[in-house]
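In structure tokens, the next block holds one chain alone, the form predicted on its own.
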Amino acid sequence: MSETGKDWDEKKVQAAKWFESLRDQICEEFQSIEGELSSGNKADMAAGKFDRTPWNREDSDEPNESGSILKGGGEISLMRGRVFEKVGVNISTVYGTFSEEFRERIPGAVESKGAFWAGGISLVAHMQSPLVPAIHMNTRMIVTSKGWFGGGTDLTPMIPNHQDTSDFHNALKNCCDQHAPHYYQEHKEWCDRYFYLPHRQEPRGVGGIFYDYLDSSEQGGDWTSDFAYTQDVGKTFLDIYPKLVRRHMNKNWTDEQRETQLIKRGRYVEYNLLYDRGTQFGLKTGGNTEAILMSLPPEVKWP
């Protein structure tokens, strides 16, 4: 994506507005689901609502502990409810300068002398019912001397359910196929490789799609088409996941199923703390710690 500074400024605004809009749509839908619960183990609880906490780092020109300079901010939207035991939806728009060490690992950061801009949305939902799968979704845009999109979504059932897995992947395939015939298989395989726990020799869940460094200009595409794909990933998530939640949320579950859920969550914690690049990126650039670790479940067990 070879663009002028003015072109990039306009694209940053477009992307940031979309991430905020998607956040609003997701929060509205999830609060609606909270109000719809009519039976099951937690039906007598009050419906949850999102609390929003803004944060910003506009005042700091000093390098943080990692040697990076971070400015900008974001907003944490967090809900603890009777369907969603804990769900966080974060948006952020940050900029600054990568440390000498970290810029070597980011495309175009050496050429930009460490200068970067990053905007995005990140979501993780941990559910009350072990019959409802946990999910992660994030999409982002990053600009150094280059610019690209990344993100994806993946499903982590506590109790295996073939229909849920099939419907989730079919929705993602339909999304990908609207943009490029190779996207689904390529991004599905990338997801399978990425969300894998080497020390356990097992996947985190049943996969989904994952992509990074998406700049299709060399293949005849452009920023607009890459942005459209990134938007459709968010829209597809917003369509399919609520359907899976509503499919199971009113069913009763057993103590044994809850125990299985809590142990499965331990794998989620291990992955996010040991391997997740988004976690590492946030901590390396001095991001908001509460927002970065929002993905961790509220209750977890190890056998």
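We number the residues from 1 along the sequence you see. Computed from a prediction, not measured in an experiment: that's the story for all the values here.
Below, we turn to the form predicted together with another copy of the chain, even though it does not appear here.
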Thinking of another copy of the chain in the model of the complex, which stretch from 22 to 30, 37 to 45, 247 to 255, 265 to 273 has heavy atoms inside 4.5 Å of it? 265 to 273
Sole residue of H182, H199, K113, R193 within 4.5 Å of another copy of the chain in the model of the complex, by heavy atom: H199
So, K49, Q231 and K243: all three within 4.5 Å of another copy of the chain in the model of the complex by heavy atoms, or not? no
I'd like to check something about K86: if you look in the model of the complex, is any of its heavy atoms closer than or equal to 4.5 Å to a heavy atom of another copy of the chain? yes
Non-hydrogen atom contact E299 with another copy of the chain in the model of the complex at 4.5 angstroms: yes
Using a 4.5 Å heavy atom cut-off, state whether L293 contacts another copy of the chain in the model of the complex. yes
Is there any non-hydrogen atom of R80 lying within 4.5 Å of another copy of the chain in the model of the complex? yes
